[in-house]
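So here's one chain in two forms, each on its own in structure tokens, numbered structure 1 and structure 2.
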Structure 1
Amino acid sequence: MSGKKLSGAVERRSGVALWRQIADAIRQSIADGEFEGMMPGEIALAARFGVNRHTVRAAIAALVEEGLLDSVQGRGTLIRRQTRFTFPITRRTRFSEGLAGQSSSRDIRLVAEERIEADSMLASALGVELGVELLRLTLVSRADGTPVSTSINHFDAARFAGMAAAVRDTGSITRAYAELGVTDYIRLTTELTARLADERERLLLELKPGAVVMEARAVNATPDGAPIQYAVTCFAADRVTLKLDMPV
């Protein structure tokens, strides 16, 4: 409702093909609720964007491929129901709890496990000495089978040696912590930015080129404020809205 219109604004020679610009604009318009149920006809859309009908068809074909639209000869192009998760970020952020009411299944999968030495940045974030051995876990979180986020997590290797196995067994960070004796934890700080998804993220999150991710760098700590986890989480921007609740 921010006053946006589907302005027929496509730029030529911008390095982004017209059909992709149009696909992006249609996707956003649907997200904004401008279109519902049925799309306008291809000829109408072509006129609106000031391009040939075949160019619009290429855009629609891409969105059909994405699963957002469904074209039926003789009828028109239908808009498929799209769900967008709302993920709360608070002092007590938990992946599974956050999406509990919005999805029927959640799971966290371990995709990589490494041991590295703390550089200056990690050392200060986790409050350990430079060069201390750290455990680095790469995870992918899904809701209803759809990848929502992927994260790279750092822990003190000495204290959390069994973390990888615990995450694999429980499918949950919170439960893995519990197995290792951490019954509660809080989030100290979160830094957010957004950018285009890189190759690794596109693979893990099953995204198309040109997709946008939100990157959150967070420090988790025990309730007394001692850091235990440094996490860089990438959310698929078109699948999730981050909700920051400010406690009054």
Structure 2
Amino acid sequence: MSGKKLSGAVERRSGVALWRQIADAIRQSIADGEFEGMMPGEIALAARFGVNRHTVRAAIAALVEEGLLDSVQGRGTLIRRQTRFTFPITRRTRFSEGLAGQSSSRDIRLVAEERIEADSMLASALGVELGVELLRLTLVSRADGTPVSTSINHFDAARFAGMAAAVRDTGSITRAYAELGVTDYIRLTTELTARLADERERLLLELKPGAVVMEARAVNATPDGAPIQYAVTCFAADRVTLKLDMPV
């Protein structure tokens, strides 16, 4: 969604405060590159969204608190320049390789480990029987110390019983797979959507309320097409641009 499409996009009966809707629209427009340098003035923004200046002022104040904008005495509101990474979604997507050359350090941290039974969706995605025990790992991926994505990953617990320990030891899914005998894997499917971050994602990614994430639901498989991993990864939309280099 481009910033221009967001012009005037406030729903007065949506149940979401107008200032919050405007803050979300401005954030998206900045991410899309419509706004750069200094923000338009309050009068222009009020006209754009069809609200009074007090409502615009509340939206701007929220974005200043969030760290996206700076109020500069005598000049207006400055957009803070933020490091933005480009992450390719390819047939052989790898976190560390995808950000190589863009950051000096990259790591994956395991934040939760669970055993669950496969429901119908997970059983279908992984090609296992309904009710089979799965290993579910929640990870946070960082570049130069900044959290850029969080993911919930599912594996066949019998086959990948050592995955959690391997991820802790290596800080990498790819290296963890290698330790467990999987020397290569491919991206079988990817589905992308954009939405507001939930409370858990905001905590893990250090985001403010109203932040947007890009969600990628993916199945990874061995080169012969046998599924080995189902993952739901959420990327911070203001920190990462996803580049599709494969048919999805």
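Quantities reported herein were computed from a predicted structural model and do not represent experimental measurements. By convention here, residues take numbers in order along the sequence of structure 1, the first being 1. C-alpha atoms forming the largest set that superposes within 1.5 Å between two forms make up the rigid core.
Visitor: May I ask which of the two structures is the form predicted in complex with the DNA?
Guide: Here the form predicted in complex with the DNA corresponds to structure 1.
Visitor: Would the C-alpha of residue 73 be classed as shifted by 2 Å or more between structures 1 and 2 after rigid-core alignment?
Guide: For residue 73, whose C-alpha is compared between structures 1 and 2 after core superposition, the shift is 2 Å or more.
Visitor: So, does residue 24 move by 2 Å or more at the CA between structures 1 and 2, with the core held fixed?
Guide: For residue 24, whose C-alpha is compared between structures 1 and 2 after core superposition, the shift is 2 Å or more.
Visitor: Rigid core aligned, does the Cα position of residue 48 differ by 2 Å or more between structures 1 and 2?
Guide: Result for residue 48: yes, a 2 Å-plus shift.
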